[in-house]
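Listed next as structure tokens is one chain, alone, in the form predicted on its own.
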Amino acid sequence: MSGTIVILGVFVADTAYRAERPPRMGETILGNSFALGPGGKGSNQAVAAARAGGEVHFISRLGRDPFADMALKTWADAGVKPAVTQTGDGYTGAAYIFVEEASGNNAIIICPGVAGEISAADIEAQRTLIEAASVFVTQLEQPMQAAHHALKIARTAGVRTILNPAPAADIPPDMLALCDFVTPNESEAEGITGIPVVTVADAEAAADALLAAGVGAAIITLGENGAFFKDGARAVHVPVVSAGPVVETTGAGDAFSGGFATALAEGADPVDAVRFGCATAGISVTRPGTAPSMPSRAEIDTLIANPASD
């Protein structure tokens, strides 16, 4: 039986530019394409989790503007239940995304807007929702104080807690100790632990450092190399689940987080939940965009049962 998933995070409107290379300072270049769509790590994760079959509630702030309308429609279409405050004093967030045409790799600037003002008081207003969850997820695009407070509420209530430490930041040790699972990518793992992550052995070393800091389990996502899971009992390298040629990697980490949270809320073993997250991400990278690239549950189950050949 599936439990509910509560995600704290930010919605931003993604403005995505594809070009052969990024411009240098003072330079103007011609791009190949432009797209406007829904984004924000927390929102993307909520969409991914809901499309993967989870019952998802999303805590955030929005302005009262066309980007807010985009957010509400995106969540309605995916089945995400908003626990959102709207205000006319400020703007809904936006992101600049540069996508390198040849590789699909990306560079991103986030302006969170009013979601950058989410406070401990906002979290207190959703205390009952958080306490009733099976899984709580947050990232670091909203103020860290809010994330920290929400993790405390969830941990005290016995809710399983997931921190996706993105964008990279200095995380207080007592905040890490509230996390059942921490899910950094290679660069975020290095930012937290000081250990460069290039190989699977490096990922294990970074995972050891996170465990020593008090997290319950570390999951280092490794892009095309899948993910590395380690807790007090097991160390497992989960390979990538390929669904076809890579088009864009922008939403891959969020797809993984949403898929992982859904499987965990359904009672899956954490390593199996990592596999489910890798399959979710494996499909997302074959499509452009972030939230629009998130796969359905049927697609994920089909890929796990019949993985594609590279």
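Just so you know, these numbers come straight off a predicted model, no measurement behind them. A residue's number is simply how far along the shown sequence it sits, counting from 1.
Keep in mind the form predicted in complex with a small molecule is missing from the figure; the text below concerns it.
- Remark: of stretches 24 to 32, 50 to 58, 250 to 258, 275 to 283, the one touching the small molecule in the model of the complex is 250 to 258 (heavy atom within 4.5 Å).
- Residue-level contacts in the model of the complex: of Ala83, Met175, Ala95, Ile195, one residue has a heavy atom within 4.5 Å of the small molecule, and it is Ala95.
- The closest non-hydrogen atom of Ile108 lies within 4.5 Å of the small molecule in the model of the complex.
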